[in-house]
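Take a look at this single chain in structure tokens; it is the form predicted alone.
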Amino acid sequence: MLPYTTLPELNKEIRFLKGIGPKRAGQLLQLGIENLGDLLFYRPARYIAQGDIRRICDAKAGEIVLLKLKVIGVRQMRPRGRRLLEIGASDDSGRISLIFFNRNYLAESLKTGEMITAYGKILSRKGKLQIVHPAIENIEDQGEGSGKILPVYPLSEGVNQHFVRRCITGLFDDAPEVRDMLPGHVRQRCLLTGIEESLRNLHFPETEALAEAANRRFAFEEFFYFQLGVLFNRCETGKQSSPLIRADSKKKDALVQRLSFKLTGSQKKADQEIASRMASGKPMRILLQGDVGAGKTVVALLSLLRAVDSGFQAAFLAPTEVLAEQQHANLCRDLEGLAVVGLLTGSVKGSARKKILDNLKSNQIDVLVGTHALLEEGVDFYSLGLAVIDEQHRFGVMQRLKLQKKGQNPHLLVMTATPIPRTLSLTLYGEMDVVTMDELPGGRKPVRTAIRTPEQLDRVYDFVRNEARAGHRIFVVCPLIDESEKVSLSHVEGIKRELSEACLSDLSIGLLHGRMKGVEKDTIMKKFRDGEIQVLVCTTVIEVGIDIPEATVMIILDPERFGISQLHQLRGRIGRSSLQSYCILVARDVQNPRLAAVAGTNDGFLLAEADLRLRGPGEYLGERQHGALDFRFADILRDQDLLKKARTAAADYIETDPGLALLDEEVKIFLKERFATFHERLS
């Protein structure tokens, strides 16, 4: 996102552009084009040139190519209930099929004998070449410049390239002059083209190099404004004061003496960093990341006790009721005699809820564990000094701020067992300090991971039976609770019935999923922990926080439905003792690259990088963060060099203009809107 659409002359609705009526305006709105500024900064998906065109006979399977073709036939089919459109096409060297699913409307715009260009990945099926869902365009629609560098824009139904190009050309003919909002010294120092030149080269480049320079300028600008907002917030936060929490704590020392293990070097280092920051009197904003099983919760407990020992309350926010209830039980056990621990979730109602809230407000609760219920109005702390958020990727910026407003600028510790690649942490958590724990407790063996097919399940269940006889526990994870009419996937109800009646009828089988009531979940988990239940058939409700040392086997059915990070999180529920543990991925697609990545390593940091490469940054952290990753030009994977330059430039700018007073007024409006939760004091 860029601030130029805040300019009054560019904020006019697109329907006021010549040749655009209500119908066309509605179609453009599907592309995210609402005003003139949206159209002016509408980014081409790619560029093509006459020299890029290949012949069919020279194209090889796996290559992404641009072909100039003649339509020789259009056929619509419905194999297995799916709508399929096959376009037969050829050039002077051969034939190829262009395949589309659920896009039969294209048949109306493609007639036999017409000339088109097609862009996509060549596939070979039974010796015949095809491209599935290529980008196609009628050559007659390309207009002037088809022999030059031609922009290809993202489209929606009813909108073709010719129309978008005509709109943009018309806009350039009548568009007012756009002033450059990027500070001149920043632009010059980073060798970036000016706004007018960049816009022209974005849409009408003479060469590919000029098009690339324009896109890089706007990508840098997006990164720059984002980093400016993040770093401004960091500076403003640093000016504030927070509760003074002493590093020395008898309660903390007492807990360390109780532990049945010695703290790892990583735990000690993280604890010291957190303690020194809380003792500074300045707001602590730390993202504590570590692989599954690294012992982050113990570090959090030490911090909680320091807060309590210094006369403050603490909050512990968990993403689900199952995890909140388990953390509450663990804290009650671990902090017995050291702190009073309360629990507040959506299930706590009536007089029980009122009692919790009254005790919290009167300072009779030291640590309150809970879910999103902690963020609701009426949950008032007597003196909140520290807020801990477990599994930060389940919560957005707004939730973090709501929790912080429960006290007088309390310290904030957010934890994640999903290691975050540096490029993402710079983008999403630039206002926080990242503390990494990369050491696992001693005596643990790496989990062995294997990929198996459904046909091999009998052997898998034989193995499960042997593990159960040895007193170990087994998880069987399914993607669904109930059978679905839309997809054929494993579901807990069916698998539990199948195992109980046939495959593992000699073992005790339990069931756990998110629809069950809290009391029922607690009962099941206690039976599983105690060994009354040997095999637990469950959904991903056990993804994080469940700690059962006797659990040595995890079978994940239909693992293709899960991402790399989620599979790694699930696997982290086993291997939590000195026992050898095994994760078995039962997949229909044994060549799936995500499964291969998980089976290839237990290193969560390597898997995080692989996950980012395969899935991209868009939804990497689950719930989209407010103001984050909403980039039109920038890509944090492709443009890492620009991200670093932009961060350096933003830091240098803030040194010379700490209040951002010299920024263009429209940029200030843009930052206030985009970072409303951060920039309440933006001048």
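On a predicted model such as this, the values are computed, not experimentally measured, just so you know. Residue positions are given as counts along the sequence shown, with the first one as 1.
Beyond what is shown, the protein has a form predicted in complex with a small molecule; the following relates to that form.
Scanning R497, R613, K262, R75 against the small molecule in the predicted complex with a 4.5 Å heavy atom cut-off leaves one residue, K262. Comment: the small molecule is not present in this chain, but in the predicted complex one of E196, D358, D547, D174 has a heavy atom within 4.5 Å of it, namely D547. Every member of the trio D291, P441 and R444 reaches the small molecule in the predicted complex with some non-hydrogen atom inside 4.5 Å. Per the 4.5 Å heavy atom criterion, the small molecule in the predicted complex is contacted by stretch 294-302, the sole one of 128-136, 294-302, 405-413, 348-356.
Although the partner is absent here, Q267 sits close enough that one of its heavy atoms falls within 4.5 Å of the small molecule in the predicted complex. A residue is said to contact a partner when one of its heavy atoms sits within 4.5 Å of a partner heavy atom; R576 meets this definition for the small molecule in the predicted complex.
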